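The chain below stands alone and is given as structure tokens, in the form predicted alone.
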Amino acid sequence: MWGKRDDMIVHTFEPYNAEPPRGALARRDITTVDTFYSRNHAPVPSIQTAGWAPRVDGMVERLATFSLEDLRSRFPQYTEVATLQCDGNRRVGPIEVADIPGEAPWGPGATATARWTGVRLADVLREVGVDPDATDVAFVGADVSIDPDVGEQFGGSIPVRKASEREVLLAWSMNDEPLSAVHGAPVRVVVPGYIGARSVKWLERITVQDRPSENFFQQSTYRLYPPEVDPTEMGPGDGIALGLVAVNSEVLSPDDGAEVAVGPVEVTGYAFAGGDRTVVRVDVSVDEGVTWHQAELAEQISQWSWRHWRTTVDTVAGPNTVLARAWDSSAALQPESPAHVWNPKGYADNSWARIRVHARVP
């Protein structure tokens, strides 16, 4: 479906929401398009490139529209390698702590890295002239929610200061190929370091304004609420708006529940930190965190990408638990348990990675 691999874990078919098995992400700096996760709040729209020309409006000196040809011919082209991560990534952990009704049980595969090519949003904003009193840049996509209580196009915003940075792209290419329909063709926003929801697909409108987006998906969906509240009773703007990705990591190989041989076992995974932070250390434990040793970090291929890691652990006969935790360049460390970060929508679970394997004597 949508050109994805046959073993994708599909959470819903319409809208299409799916992630790959964890092993498919192992040891790959760049995620192939057929493996890249899909997170949607609406059916995938069909847009003809010939008629596509999103509007740039709001607090600008000159209203404008830009076709794909305009973007290609009028602005320099750039490529950024960036990791995108859904803020519901690893929600299965919080769900094991307490049920989270109505939310998909995402595993660790709602994160992936691609090579994105397009133009800098900053160049487009410079072309139209931004009012110095503006604080935010809002995006609206062409996808319309099928939820009768919403019925709104997907949208969100980022601060002007982020929109003005060189890494934020209006991208038409993913891994050197034109964007596919399911990933936002003809053009999508790519906001490195921020939750995936801010990288709006099927871009239809850019609005410069003096407040964050009032779109339902920014004001009522991607919010962090205290654990004791009922999210259905929360109003627009309640809670904390989600933005930067918290430092996170996961074990990719071996798989959770795998059988391995007693003795040395290679363990690999990824770690990622949002904003302008980078991963500087990953610790691994096989004795429930009593002792830790540092994993070997692979080279980080971009400031905005994940970092893969590997190590070898010694297993004993029977069940073994492998834990991993990452540190970022601000000295932030992952919390121990999903119980410590549990919230009623299951967002931002960045607790220690944990897999269980069974070691057998050959």
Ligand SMILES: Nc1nc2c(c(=O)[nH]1)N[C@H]1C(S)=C(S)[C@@H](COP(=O)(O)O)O[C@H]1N2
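The first residue of the sequence shown is number 1, and the count goes up from there. Worth saying up front: this structure is predicted, and the values here are computed from it rather than measured.
Same protein, other form: the form predicted together with the ligand, not shown, and the subject of what follows.
Participant: Would you check, heavy atoms only and a 4.5 Å threshold, whether F272 touches the ligand in the model of the complex?
Facilitator: So F272 does not count as contacting the ligand.
Participant: Mark S199 yes when one of its heavy atoms lies within 4.5 Å of a heavy atom of the ligand in the model of the complex, and no otherwise.
Facilitator: Yes, S199 lies within 4.5 Å of the ligand in the model of the complex.
Participant: Any of the heavy atoms of N40 lying within 4.5 Å of the ligand in the model of the complex?
Facilitator: Looking in the model of the complex, residue contacts with the ligand include N40, since a heavy atom lies within 4.5 Å.
Participant: In the model of the complex, does G141 have a heavy atom within 4.5 Å of the ligand?
Facilitator: G141: yes, in contact with the ligand in the model of the complex.
Participant: Pick from V208, V267, I100, V182: which residue has any heavy atom within 4.5 angstroms of the ligand in the model of the complex?
Facilitator: By the 4.5 Å heavy-atom cutoff, the listed residue in contact is V182.
Participant: Please tell me which of Y222, F75, W172, F216 lies within 4.5 Å of the ligand in the model of the complex, judged by heavy atoms.
Facilitator: Contact with the ligand in the model of the complex is made by Y222 alone.
Participant: Using a 4.5 Å heavy atom cut-off, which of 189 to 197, 92 to 100, 283 to 291, 237 to 245 contacts the ligand in the model of the complex?
Facilitator: The contacting stretch is 189 to 197.
Participant: Judged by heavy atom distances of 4.5 Å or less, which residues of 322 to 360 approach the ligand in the model of the complex?
Facilitator: Residues within 4.5 Å: none.
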